[in-house]
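There is one chain below, alone, in structure tokens, taken in the form predicted on its own.
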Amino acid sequence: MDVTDLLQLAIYGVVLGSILTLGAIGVSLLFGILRFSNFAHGDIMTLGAYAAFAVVSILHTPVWLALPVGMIAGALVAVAADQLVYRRLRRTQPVILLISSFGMALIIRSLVQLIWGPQDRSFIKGIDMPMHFGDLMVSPQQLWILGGTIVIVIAVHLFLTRTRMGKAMRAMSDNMDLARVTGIDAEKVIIWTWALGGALAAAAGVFLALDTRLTPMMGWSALLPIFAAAILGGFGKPYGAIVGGMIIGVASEMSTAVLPPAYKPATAFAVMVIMLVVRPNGLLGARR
């Protein structure tokens, strides 16, 4: 394998890393405030992607116009899951909340299969010719994914640093009890966190479907790399999720130079285990 092939794999890795980054930011935001690992996060990705696909199929709009609809659907489902199920279990043992998220994942996945069926679908019909940059190839979808991820990450950064709700979310993440004492409406912050996490998960799902295909299991299959990215960057650290997502994405694609593509999830798992052993708090997590 020559340098050109490695550079091509690196491009694929950055695209995959962009998708994982969006999913990992949502996971990190939720864990930072509620200390809760939501295993239904991947299926919210799937539902958001199918919601966008419905808009494309019915209204024949471009994918980028359907993306906000998918993000809104993901936000609504995430908030509904919290208000109907998780909110009632927050004061129970963590394992009960964890198991309930598995059940919610099955419910969402079953709804997707019931509405859209189990067959694979695609946003792009026919063959879309890639663009050539020397010996390297980049498809228009990959450019949309990279550009969309950059825009969304910048928007999240501005939200967290420039808005009152974003600052309240950061305060809750640092110390929930102190934030409550200072007058922050904790329940409102939690709802906004679920909405933002669901919207980011849906965006990741749309981009994943745009890069591959729509399947009811695609979000569940992406869950391990997303959690690996969140752990690598530091669980509860949204900016660390960006670093972790890119590292996991590039490492997964580069591993295909020596391993079959089926082992890409194993690469993400291996990186996660090594990080837990070497630096349990992640790259941007505080040392204890």
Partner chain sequence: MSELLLDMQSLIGGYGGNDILKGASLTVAHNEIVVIVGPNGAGKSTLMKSAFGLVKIRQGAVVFQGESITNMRPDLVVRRGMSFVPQEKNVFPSLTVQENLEMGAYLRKDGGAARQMERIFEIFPRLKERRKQAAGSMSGGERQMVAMGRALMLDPKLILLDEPTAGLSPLFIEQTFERIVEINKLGIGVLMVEQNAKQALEIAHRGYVLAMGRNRFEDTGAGLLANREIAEMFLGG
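The model shown is predicted, which means the values in this text are computed figures rather than measured ones. Positions refer to the first chain, counted from 1.
The discussion below concerns the form predicted in complex with the partner chain, not included here.
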* Asked: Looking at 124, 184, 137, 191, which is the one with a non-hydrogen atom within 4.5 Å of the partner chain in the predicted bound form?
  -> 184
* Residues in which of 169-177, 129-137, 68-76, 201-209 have heavy atoms within 4.5 Å of the partner chain in the predicted bound form? -> 169-177
* **4.5 angstroms heavy atom contact with the partner chain in the predicted bound form for residue 164** => yes
